[in-house]
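Let's start with one chain on its own, the form predicted alone, as structure tokens.
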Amino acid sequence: MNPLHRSRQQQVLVLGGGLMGLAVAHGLARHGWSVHLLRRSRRDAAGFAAAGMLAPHAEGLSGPLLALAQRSLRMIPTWVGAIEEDSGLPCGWLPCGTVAPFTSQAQRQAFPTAALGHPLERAALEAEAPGISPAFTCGLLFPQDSQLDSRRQLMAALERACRRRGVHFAEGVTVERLCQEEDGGGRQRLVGIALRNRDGEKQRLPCGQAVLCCGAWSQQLIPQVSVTPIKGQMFSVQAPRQALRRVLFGPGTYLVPRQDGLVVVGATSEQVGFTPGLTPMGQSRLEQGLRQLLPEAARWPPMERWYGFRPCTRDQQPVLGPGPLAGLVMATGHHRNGVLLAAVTAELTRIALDTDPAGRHNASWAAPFFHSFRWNRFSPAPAQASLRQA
């Protein structure tokens, strides 16, 4: 029998097997859920393209998104420890701090999170980021920020942790529709998933609970939740070991140094749909940004070039918590903060699934986040009729 057809207590389908899908699946499996993860292609996962910055302060976040990111940042050491314990693999967590450089004192003072960083004058800035361009006269150090090596380590560790926790993977699966029916109280309820398997065969799986982690492809299933792909190109260079110890978050370009000297350079932000491939213009823009930020780095040997698609909502903030169908939980739209928000997203998803029909749960801290990042915040009224029917 196909294990996806088994009826088990606390069974849930996770739709999407990228970073967010793996993080959610692992978190649920650790709490006793029977988890089945459906994914189309492992290589489509945005986590393989991410630089892995855990830098809410250098990003200049504000409001509920900053609060969410700070909570997730505090969770990272325990979250990473659980993944490494279950997988036996390192995640590449490095509490290295982040430096944000500025061209004037006024620019630094106007930065949204300036009060949360340590001010650096030019000499201190050079000490923290040797070789930084003379155009930058001051900066901020955020020692609380860190990084994960998502491309080379975190994704592999998460997948192995999921498998060792008993998560079942269905590969080559394209989810085409969410099947629904009225629950008797006037609300639509999730009752199944219509999909196409790797052989092109159409199937319908009964399902009462699912988590939507489809990233940039989410709008194909929930049209009224606007999630669009933002393409990002990146490359890496090999620096001398310890040439750069902090993440350097410049205007338009950032450098993320790994422990072995590899430095990730990112990233473009292109509204080109799902147009694949690297472009000379995008790569040239990155190379120019590198020269303007850290001139000597332009001489470091190039290593690898790649691209990915970030899932971006209208306000560039995620969609989390209960979805438009009873039984459906949303975990998508993280834009450029997927790695940073993975830990808290996994925990919020578990809380949402454990919430009773009256909306009660045992985590009071979660309620404001469910409100701030609710799926229907973009329109005054939910458009149930626009959900794609099976």
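When you see a residue number, it is the position in the sequence shown, counting from 1. The structure displayed is predicted, hence computed values, not measured ones.
Another form exists, predicted together with a small molecule; not displayed. Remarks below refer to it.
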Checklist entry - Pick from Leu38, Leu28, Val329, Ala343: which residue has any heavy atom within 4.5 angstroms of the small molecule in the predicted complex? => result Leu38
Checklist outcome for this item: Exactly one of Leu255, Ala267, Leu320, Leu140 comes within 4.5 Å of the small molecule in the predicted complex through a heavy atom, and that residue is Ala267
Checklist entry - According to a 4.5 angstroms non-hydrogen atom cut-off, is Gly250 in contact with the small molecule in the predicted complex? => result no
Checklist entry - Taking the shortest heavy atom distance, is Pro311 within 4.5 Å of the small molecule in the predicted complex? => result yes
Next on the checklist: Can you work out whether Ala45 and the small molecule are in contact in the predicted complex, taking contact to mean some heavy atom pair no more than 4.5 Å apart?
Outcome noted: yes
Checklist entry - Given that the partner is absent here, does Gln288 sit within 4.5 Å of the small molecule in the predicted complex, heavy atoms only? => result no
Checklist outcome for this item: Note: the small molecule not shown here; in the predicted complex, the stretch from 346-354, 361-369, 321-329, 49-57 having heavy atoms within 4.5 Å of it is 49-57
